[in-house]
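Shown here is one chain on its own, the form predicted alone, set out as structure tokens.
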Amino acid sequence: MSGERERWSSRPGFILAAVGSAVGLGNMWRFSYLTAEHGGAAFVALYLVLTLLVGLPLLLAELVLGRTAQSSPIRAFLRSGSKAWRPLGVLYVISGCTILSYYGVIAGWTVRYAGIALLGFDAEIADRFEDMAQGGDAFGFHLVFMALTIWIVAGGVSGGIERAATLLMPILALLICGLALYAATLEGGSAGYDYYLRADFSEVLSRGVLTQAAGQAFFSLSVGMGAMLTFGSYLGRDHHLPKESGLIAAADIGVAFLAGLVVFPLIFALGLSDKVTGSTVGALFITLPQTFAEMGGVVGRVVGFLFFAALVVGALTSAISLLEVVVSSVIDLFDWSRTRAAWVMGCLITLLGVPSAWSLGVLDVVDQVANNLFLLGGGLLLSIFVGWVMRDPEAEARVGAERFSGFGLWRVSLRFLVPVVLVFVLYDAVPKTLRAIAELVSGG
């Protein structure tokens, strides 16, 4: 049924698919907000350093492990280590199911808001957010988005995922660049640039900011959940994995940075700077729709639609990679056809998203559990596995990259630096998540 393992048809196709996995809704606001609130250009410098020291080593580790094993996460750890590590592959599959179950709900909001934007946002759009974001309508748009995701994944690696990424990622780049250029023409937008990019080194070395920067460096590259491992399993041995990891990280950072050049000039030019919020949900679905409503007329409709269309594209490319982790594992374990695996597992994940579609409180807690426990824990264990357990990962990494001289540093980083940083982040994230779970259970 599953036959010979599928392959990417081209190197650019793989790069675009991997960048699409990394680029998501968080790039469109969280990075920008953290930059603006924690030192501007100084935070960007700190984030880049931590991405180089933490994010890139983990990204390369996943690609190396995937290409070595030529299989999905559960079998990958078995083939490259021992049976004792197989549960980590199971954790990756659970992470993919959990994240996609609520991510599809949020992505459904982007589809709905893109449609509303065509007609024009009204002045009360911000006040209606909670009613629109939960209930039957929210589930309906979740269903539409998930159906599109399933359809693409069912088309295969080259015929579905790669083809979609080759079309969607250039569209996303054009949308973001076009919106950034438009934002640069707005009178009063310079105050937004100043808010976003001012350089303040006074707080970037505080514990809280270090934790935020490290967490963003980790989350933004889509590591710790098996997506890059799965994509790596479809690679041939002619790929220069260090170089391609660098390209993926650079593109991901570029999209996140450009998003800030769109968001803040728009908000400040319309005099809504007091509405800036650290919540991804609050910014994307409350403040910005209000901004587009203030624009009014054709301009408000066009700019609003283009912005939410960009969100739909970013959400879709990330959702595809999440579902692929699950689908690839089912194909490997049960020898199902790709079509059967995509539709059966996609429908189950869609149903798993029902609680999140009906309650913002549930969605928030599931988000914290997935990101603060599953992803951070998965990344920590991955660094230990590749750094200490996997049989000669440097030899595999060198294939196709014989002239690269940084593999020794990469292994040292996985063994010592990455675990220390992730434990540091977990120290703050775990108690926060447990408190959120307790409050939900107690009805607080």
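Numbers for residues come from their place in the sequence shown, where the first is 1. C-alpha atoms forming the largest set that superposes within 1.5 Å between two forms make up the rigid core. Quick caveat, the model's predicted, so the values are computed rather than measured.
Omitted from view is the form predicted in complex with a small molecule, to which the following refers.
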property: P419: touches the small molecule in the model of the complex, heavy atom cutoff 4.5 angstroms; result: no
property: Interface membership of W109, the small molecule in the model of the complex, 4.5 Å heavy atom rule; result: no
property: Distance check, L25 to the small molecule in the model of the complex, heavy atom within 4.5 Å; result: yes
property: Contact of A213 with the small molecule in the model of the complex (heavy atom, 4.5 Å); result: no
property: Selected contact from M225, A165, V105, V327, since only one has a non-hydrogen atom within 4.5 angstroms of the small molecule in the model of the complex; result: M225
property: Proximity to the small molecule in the model of the complex, single hit among F268, F292, F145, F219 (heavy atom within 4.5 Å); result: F219
property: Option from 225 to 233, 169 to 177, 297 to 305, 328 to 336 whose residues, in the model of the complex, bring a heavy atom within 4.5 Å of the small molecule; result: 225 to 233
property: Displaced residue check between this form and the one not shown: R30, CA, 2 Å or over, core reference; result: yes
property: Post core alignment: W410 C-alpha displaced by 2 Å or more between this form and the one not shown; result: no
property: Y47 C-alpha relocation of at least 2 Å between this form and the one not shown, rigid core basis; result: yes
